[in-house]
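Structure 1 and structure 2, given next as structure tokens, are two forms of the same protein chain, each shown alone.
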Structure 1
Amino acid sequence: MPPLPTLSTPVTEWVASVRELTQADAVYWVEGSDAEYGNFIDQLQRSGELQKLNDAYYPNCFLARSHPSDVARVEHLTFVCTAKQEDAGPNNNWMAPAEARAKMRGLFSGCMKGRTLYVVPYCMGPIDSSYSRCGVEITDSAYVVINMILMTRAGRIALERISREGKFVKGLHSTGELDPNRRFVMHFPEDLAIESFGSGYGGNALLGKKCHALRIASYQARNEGWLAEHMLIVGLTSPHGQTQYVAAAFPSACGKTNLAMLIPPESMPGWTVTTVGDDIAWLHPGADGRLYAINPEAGYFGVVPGTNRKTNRNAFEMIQRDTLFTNVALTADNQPWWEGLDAGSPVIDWQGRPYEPGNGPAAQPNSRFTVAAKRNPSYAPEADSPRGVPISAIIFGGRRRGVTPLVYEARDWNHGVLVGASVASETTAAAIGQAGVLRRDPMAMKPFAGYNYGDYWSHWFAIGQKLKNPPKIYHVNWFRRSDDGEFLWPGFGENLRVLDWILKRCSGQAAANESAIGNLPRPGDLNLDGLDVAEAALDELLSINVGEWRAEAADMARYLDEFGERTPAQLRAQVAALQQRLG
């Protein structure tokens, strides 16, 4: 694709300056066509970076492997570079912009000698939506290019929109030498810019995803009056034909993808669940006083291990064709394999070595699939709607063995900000080697809020003031356990029973008991037809222990102190009111 200088002078000028810095041999402008995508696939197969999988079982699917040191986010090497350190907040690593620019300029200088510089214009969100925002990623990785084509609306259509608006997020990326000691991800929110060096994997390299769609976009959203959130969006249609949309935020390992692609249980016939988005939501106040959401992404970049027909049928069926796998294992007949599958066995591990159990898991625990969203059997056509979808409820959730009930409803929007700010999960042994450690992850945005959490919470309060008809806010906990360690709630598709109550609350059709922490359903308020849950378990799931909640509120107050004077007085008042209600 030739440059279009008459349409995009700011882009072409920036590309020229980057080429001069990196000394790239050639410049290639991504057009975004199917034929071009096929050409990239062929190119990467010839270079050995992609391996075609068994076409009889996984048609048009390919395997890529990243460097063994390059398989996860690098939060300790990820920085938010604002002029004032306090604007980045204690929730982010900070580096002065001048220092960060100098460091990155030294790394990028001459780094693309002998390489091609790829220019990827992209749009986050429907191409004709006023809620969407554009960016351009410059990269020397063709693997990054094909991921960005799958994950965004990329190419000529995005470049044309950029030329009309004259504003875009600048993302500069190079794999460098894949040296962990020369690896950084820098965000410059005040300049709408991202620079990433030394990694070729995931969100460290696919700059449209977490870097743009959350860290930079959250900063944009505060300035422009909307929210960029780490949330799924689902449409729920009842047997009576009423469709409502909810957005939900969960930390990792809390069932987010399963909820995004929920399969209604057989005991609840007539329900339909569609996926608008599985990971990120941009939420805008509408003219009617409601909150509207778009999914800025056009594809899924999901964790593969644990995905099977039982745990997530839609995701499993979605990745049977037209999918790019990264860091999974292989069977003898060249099918992808990962832990959690109930068939096949690995012979080659994720590093390309003969599989030996003593070497660790066959598939890398953070191995991924990249696939177009329209491959999802439950894909919602509304995901392409320029106006977005109206949100009836916002749901927060965490993984807690105790304390937090199955579901409770915030008293109002301002109380809901506290509910979101108090999101926490207990770690599993697999996560950090020690189970039961409580980690606070407000709004499930801890790694992704691009500015000070105190200012972020203030912005949530400000958004609430703009909404005449705000969504109701809820907290769920699918992971409550009995004293002997057994799960009290079956989870998975049965979670629709909780969503049913939430939707009925939103439309004034369900009752609740008021408690100190919010409104809870009574056992009779939930549709329990065909569900085998003991009465004692339900009582435990739908009740609170005041003593435990006093300790929880005190811990939340201490957590807010970490953000000092940036913590909004309204949030402290919400904690104080909770403590007063608890007695």
Structure 2
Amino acid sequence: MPPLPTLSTPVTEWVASVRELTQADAVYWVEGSDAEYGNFIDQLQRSGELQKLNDAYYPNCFLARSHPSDVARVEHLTFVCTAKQEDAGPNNNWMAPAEARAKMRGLFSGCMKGRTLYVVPYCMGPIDSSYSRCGVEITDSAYVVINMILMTRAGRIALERISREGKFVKGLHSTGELDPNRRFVMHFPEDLAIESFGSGYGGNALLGKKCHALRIASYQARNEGWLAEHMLIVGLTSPHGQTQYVAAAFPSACGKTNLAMLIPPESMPGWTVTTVGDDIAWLHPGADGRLYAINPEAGYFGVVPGTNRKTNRNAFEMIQRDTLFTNVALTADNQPWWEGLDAGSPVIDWQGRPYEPGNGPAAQPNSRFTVAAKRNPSYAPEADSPRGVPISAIIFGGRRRGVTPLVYEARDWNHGVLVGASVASETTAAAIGQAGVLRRDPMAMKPFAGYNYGDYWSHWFAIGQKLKNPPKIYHVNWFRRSDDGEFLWPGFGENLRVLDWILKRCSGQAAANESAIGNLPRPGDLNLDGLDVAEAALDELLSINVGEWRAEAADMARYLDEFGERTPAQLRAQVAALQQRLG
């Protein structure tokens, strides 16, 4: 075990106080070496928390099973604890900081007796970037540790930066007893602190991800003049050799990882697509008046079901080695299996039971892979650039069977703020609760904005003011369905056709039709070479129903009322202008 670093007194003092509270048997400081990762894997195999998968097909891959009640984010148990309730806003659950601290003290008291306390120093973003921010997660879960090692720049390099800066986000986590009645994820943005108890899964437990890089970071970003967003970042090089970067915000399990790793269809030769990030973007106005993005993460925690050679070949190849699988099924020869995989069949389900179709899907619908970003065949070297990449277009989107067309373009940045705020999407398995329920999810940040949405929209308008050359803003919907429930658009690689139109719009090379909601391509404006979509389907995808949109705008106006005085007047004016255009 590495010796305790002597440089970072604030960290050592905090660790000592947490050890006293939790009564941990031992303290282990994560160093971040490959040998150490191997030791953790061995330890987790011995304890039965990890199972080695078939090494001939899946070298260095492991399966973890979480508690069956602990398979997704718990939004109803997630709180933003600002001093004033209005600062958390109606978009968040709120608890007074003193009450939340007392409740968590009770839960953490003595909770690590007989356990080891792991200290994980981590850096969100390239280690040498001024845009990056550091944190320390204390956890009693070795599974969480190996996930954090894959997902962040963790260990000694991060601790050295923290020692220099003195400032870090304090994240305290214990799996507790995995009792859903003793489970909370608390955020204290004013103190840069997170306390999470009773879950070992995903965004509840890997505190660098949604808790730090979105909820705490969005709060910091507002004070410091930048944006922390639930966005992928993708680089697109056209057949003419021009590279542009796009950031896109879709709600959980609505296609970010897939778009970030898109494989161009055969009928669109000459395109190159590279991945900067698949889930989170930190966006900064640059000196040249453009918006620059970094990916704070160093790995992917991606949805497994649906991943195959046809839908997402990059992800499929990436997870053939050096990957952790959580809650997938197994084949007879110990390979991972999931719904949407086009080979093999399940014999053991995600809970470790003999597979019975009557028990539901073999793989848990929110089963995930954890893998280092560098394993991605389309990994963009610019993901390590301290300056980030300039963004040409921002795309918002949701999963909606109707109303929103395949794509439309905002008139300008300020209208784009309304377009982003208008995102509504059907809920998915990424959060505990019923899936398929349409809900408002502005900027795909409903579960992640660490402060009042009213203030958040004002901040978006303010950022626009700082940009001489702002990205153009779009809205897409890959999930529109016909009356018999079929997807109208083939999606996945074919989404490049929409990106192609967007990039051509950004460089003034494509036409569009002006409509009340924004600019829409006509079928002839899209590259449809080699695409098999019926004309009637295209017409439906590329048109709007004015009656539906009047109802949509009225609902949006009602929704904004929930935020009262905090709703920026500019946003209300944008809705009023939309209603006027709709007649």
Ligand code: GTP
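What we label the rigid core is the largest C-alpha set whose atoms superpose within 1.5 Å from one form to the other. Counting starts at 1 and follows the sequence of structure 1. None of the values given here were measured: they were computed from a predicted structure.
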property	result
Chain form predicted together with this ligand: structure number out of two	2
Core-superposed C-alpha of Y219 shifting 2 Å or more between structure 1 and structure 2	no
Per-residue C-alpha change between structure 1 and structure 2, C254, threshold 2 Å, rigid core fit	yes
Flag for G402, CA shift 2 Å or larger between structure 1 and structure 2 after aligning core	yes
Core-aligned CA shift between structure 1 and structure 2 for D483 (Å)	4.4
